[in-house]
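Only one chain is shown below, in structure tokens, and it's the form predicted alone.
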């Protein structure tokens, strides 16, 4: 089953809960009404430079990653998110094909306090997982938003305290956008959607990486 189908099944079940549906709708409506999507860096833009801590506490910089381009940058909200868990499992499964196509996969989460390592272990993620501390890269890329009240309350009631997970009280999250970069750090392909249940399909990313590696990407 494709990641798209798995996510569709999950949100269809979740939306049967009226309180959840109201919170979910508020997130999407708020982002769409605020014109969020056009502010995300797009194809042809240079991805913001970074140096971030990885899951083991070391530092990883974008310049070093670009030496092994194409580089796939995948933002995710955190392992508390069921849609992110599905995505991480799907990416871990697709990783051999991503590597075979010539791609380097890097996942960024605002989670701190060792939670990136927990996610990496839980999903057998043999790819780089970085903590986007205080949302620096996400803000520069335009993918960060402040949670509207209904969804924030849903997280609090479920025991998910982003202030603790992120080490600050901003209550920001990234939309789970995907960017494919060439060796110069230029975005050559992007997937971004205000609906956080929509994710880039790994098979599509693999095809983009292959095309970029062979010079056939339009």
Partner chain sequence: MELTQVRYFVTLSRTLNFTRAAEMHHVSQPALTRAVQRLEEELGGPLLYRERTLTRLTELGRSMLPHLQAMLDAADNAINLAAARRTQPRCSLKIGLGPGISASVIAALIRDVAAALPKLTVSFEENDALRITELMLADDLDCALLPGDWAMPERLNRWPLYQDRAAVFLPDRHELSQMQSLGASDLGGETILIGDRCGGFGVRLIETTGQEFRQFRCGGTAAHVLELVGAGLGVAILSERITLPEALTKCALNQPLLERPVHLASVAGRPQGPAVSGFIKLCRAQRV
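Positions refer to the first chain, counted from 1. Given the structure is predicted, the values throughout are model-derived calculations rather than measurements.
There is also a form predicted together with its partner chain; it is not shown, and the following applies to it.
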item: Interface segment, criterion being heavy atoms within 4.5 Å of its partner chain in the predicted complex, picked from 154 to 162, 189 to 197, 44 to 52, 176 to 184; value: 44 to 52
item: Joint contact, 58, 169 and 172 to its partner chain in the predicted complex, by non-hydrogen atom at 4.5 Å; value: yes
item: Proximity of residue 34 to its partner chain in the predicted complex, heavy atoms at 4.5 Å; value: yes
item: Its partner chain contact at residue 137 in the predicted complex, heavy atom, 4.5 Å; value: yes
item: In the predicted complex, residue 122 touching its partner chain (heavy atom, 4.5 Å); value: no
item: Contact of residue 39 with its partner chain in the predicted complex (heavy atom, 4.5 Å); value: yes
